[in-house]
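Only one chain is shown below, in structure tokens, and it's the form predicted alone.
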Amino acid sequence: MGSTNSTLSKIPNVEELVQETGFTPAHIVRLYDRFEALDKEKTGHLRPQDFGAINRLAINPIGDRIIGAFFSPGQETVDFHSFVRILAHFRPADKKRPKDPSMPEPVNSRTSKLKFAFQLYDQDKDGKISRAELLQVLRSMLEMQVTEEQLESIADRTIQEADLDTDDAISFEEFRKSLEKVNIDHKMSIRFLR
């Protein structure tokens, strides 16, 4: 326990981070250790290439997009607090956590997880997923498993089914509605903190 307290004392505003993300102090310490292991140059910041050491991201077909989600436009590094906030999207929802309307929605809520997933598709950040953006993701995910014609057919059918306002793109609300029956908490949760 002394080691945990010692590490926690190195992290500024740790109580705020625990409150905001729902991670326990022990989880924060484990994430801090992981962050430090990725920070090979010991700068206190991670660059996109530092994430290459995470095997599951390195082999993930959309790993570059996931890594990109850690960085705001024009931002070349991410600090520990930002790192934890992004990872909190993948924390299973806390069903026992009381809903307080005066508090912001937790970053691991269904809506927050959907917004995070939506941004992986909406690369030009215009609030819509275009056919071209959908095709880029499908190409990355399916690579050589299907033909280009099949990819285009999947993209067209997906947009046709989800595009309620017939503007040939998928808005966040359409994205959310199309995934109503999907267990997002299960699909977007990593149980890496046991």
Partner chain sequence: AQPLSEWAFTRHRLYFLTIGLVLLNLPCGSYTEIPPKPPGTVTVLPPVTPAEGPQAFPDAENSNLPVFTMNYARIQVPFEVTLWVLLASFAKIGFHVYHKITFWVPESCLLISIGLMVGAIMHSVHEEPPAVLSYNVFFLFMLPPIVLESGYFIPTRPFFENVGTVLWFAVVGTLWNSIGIGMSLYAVCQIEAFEVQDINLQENMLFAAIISAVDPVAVLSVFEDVSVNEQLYIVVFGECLFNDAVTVVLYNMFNFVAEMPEVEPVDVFLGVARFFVVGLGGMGFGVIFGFVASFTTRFTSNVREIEPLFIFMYSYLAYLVAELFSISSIMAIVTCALTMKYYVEENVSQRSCTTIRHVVKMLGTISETLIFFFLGVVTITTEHEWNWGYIMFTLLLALVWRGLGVLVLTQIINPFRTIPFNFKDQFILGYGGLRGAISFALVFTLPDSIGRKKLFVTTTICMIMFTVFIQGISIRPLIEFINVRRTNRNLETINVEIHSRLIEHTIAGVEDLCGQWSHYYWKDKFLKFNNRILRKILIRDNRAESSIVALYKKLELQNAMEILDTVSGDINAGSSIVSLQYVYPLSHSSACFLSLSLSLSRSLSLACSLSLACSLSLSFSLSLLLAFSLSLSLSLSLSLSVSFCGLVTLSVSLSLCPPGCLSYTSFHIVHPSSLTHYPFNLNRSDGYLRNPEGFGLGSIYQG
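Numbering follows the first chain given and starts at 1. Just so you know, these numbers come straight off a predicted model, no measurement behind them.
One more form of this protein, predicted together with the partner chain, exists but is not displayed; see below.
Even though the partner chain is not shown here, does Val107 get within 4.5 Å of it in the predicted bound form, heavy atoms only?
Answer no; every heavy atom of Val107 is more than 4.5 Å from the partner chain in the predicted bound form.
Given that the partner is absent here, does Ala132 sit within 4.5 Å of the partner chain in the predicted bound form, heavy atoms only?
Residue-level check for Ala132: no, no contact with the partner chain.
is_contact(Asp165, the partner chain) in the predicted bound form, heavy atom dist at most 4.5 Å:
So Asp165 does not count as contacting the partner chain.
Closest heavy atom of Leu17 to the partner chain in the predicted bound form, within 4.5 Å or not?
Residue-level check for Leu17: no, no contact with the partner chain.
Only counting heavy atoms and a 4.5 Å limit, does any residue of 151-169 reach the partner chain in the predicted bound form, and if so which ones?
Counting only heavy atoms within 4.5 Å of the partner chain in the predicted bound form, the contacting residues of 151-169 are Ser153, Ile154, Asp156, Arg157, Thr158, Gln160, Glu161, Ala162.
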